[in-house]
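What follows is a single chain, given as structure tokens, in the form predicted alone.
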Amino acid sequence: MTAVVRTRGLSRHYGDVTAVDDVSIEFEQNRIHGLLGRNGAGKTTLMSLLTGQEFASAGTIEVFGQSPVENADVLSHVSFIRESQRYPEDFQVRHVLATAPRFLPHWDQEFADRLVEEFRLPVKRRIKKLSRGQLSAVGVIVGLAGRAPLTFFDEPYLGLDAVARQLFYDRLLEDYSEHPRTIVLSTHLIDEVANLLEHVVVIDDGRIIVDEDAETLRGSATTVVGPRTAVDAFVGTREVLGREGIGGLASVTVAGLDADERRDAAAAGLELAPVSLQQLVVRLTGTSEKEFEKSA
């Protein structure tokens, strides 16, 4: 497949702080990519680099085969909906939606109108009077109705309730199916979007620690549960991604198990449990589930 985004050795430094560290990745055309990691891991900085809003300290970036920096031809095909999206405060919602088509040539007004109704957005209310959820809904509508060939969503759901978040996921998948494009979705609510993702990149402390097809990643780890001595004997020298225990019981997450190993575990009286995508990311980044959610 064609790579819409390609980086090689990409780094971004702020003084002594390295926000993005030697990143080499590709985002293939017409797929939904998840960019996952803790708060401060480098997700937003990486997206800012890819959309020409930041300058690289080292390395190269190609978006549609060109550098995105100050490149109007490239940026006219890119949409970046940020968690901290800013609009002129004196604008009303309708002004934002009227201005968006000037920058997004693939804009679908009928789709935008439908989304406004579904999100129950007050189009004549000033931006500065919107609730956090309503402001997020504005960004979601711009990102979806814009239908940019390359669309970035950076934590787009903040302030949206569960019903509105599900509406976003449903409309994203429906419209993507009818109008394929490359979507990069950054979120910490991983379990909510896991079924949408086709490719997963996990960034931690500025470095890429996972770059894998989502389907492959979903089956890449298993949790082994049982008496501590039996679990330790079974695990042996296998790669351990996470370990927890209470008293004489242990729960250990290991990388991959084949059919024979699963039979051996059953014979030893051990329980095997699948690992969700969110649990896997939590273990790979060395945090507990609560710490991960709090950090994000």
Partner chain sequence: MDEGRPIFLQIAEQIENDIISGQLPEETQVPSTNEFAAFHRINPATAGKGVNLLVEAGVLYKRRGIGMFVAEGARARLIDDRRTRFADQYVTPLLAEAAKLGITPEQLSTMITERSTS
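Residue numbers count along the first chain shown, from 1. Just so it is clear, the structure is predicted and the values come from calculations on it, not from any experiment.
Keep in mind that the form predicted together with its partner chain is missing from the display, and what follows is about it.
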| property | result |
| --- | --- |
| In the model of the complex, L196 touching its partner chain (heavy atom, 4.5 Å) | yes |
| Exercise: E215 in contact with its partner chain in the model of the complex, heavy atom 4.5 Å | yes |
| Contact flag, T285 vs its partner chain in the model of the complex, heavy atom cut 4.5 Å | no |
| Contact test in the model of the complex: L104 vs its partner chain, heavy atoms, 4.5 Å | no |
| Candidate from Q166, S76, S131, T99 lying within 4.5 Å of its partner chain in the model of the complex - any heavy atom | Q166 |
| Heavy atom within 4.5 Å of its partner chain in the model of the complex - the one residue of L189, L173, A112, L121 that qualifies | L173 |
| Stretch in contact in the model of the complex with its partner chain, which is absent here, among 80 to 88, 112 to 120, 218 to 226, 145 to 153 (heavy atoms within 4.5 Å) | 218 to 226 |
| Stretch 20 to 52: residues contacting its partner chain in the model of the complex, 4.5 Å heavy atom cut-off | I32 |
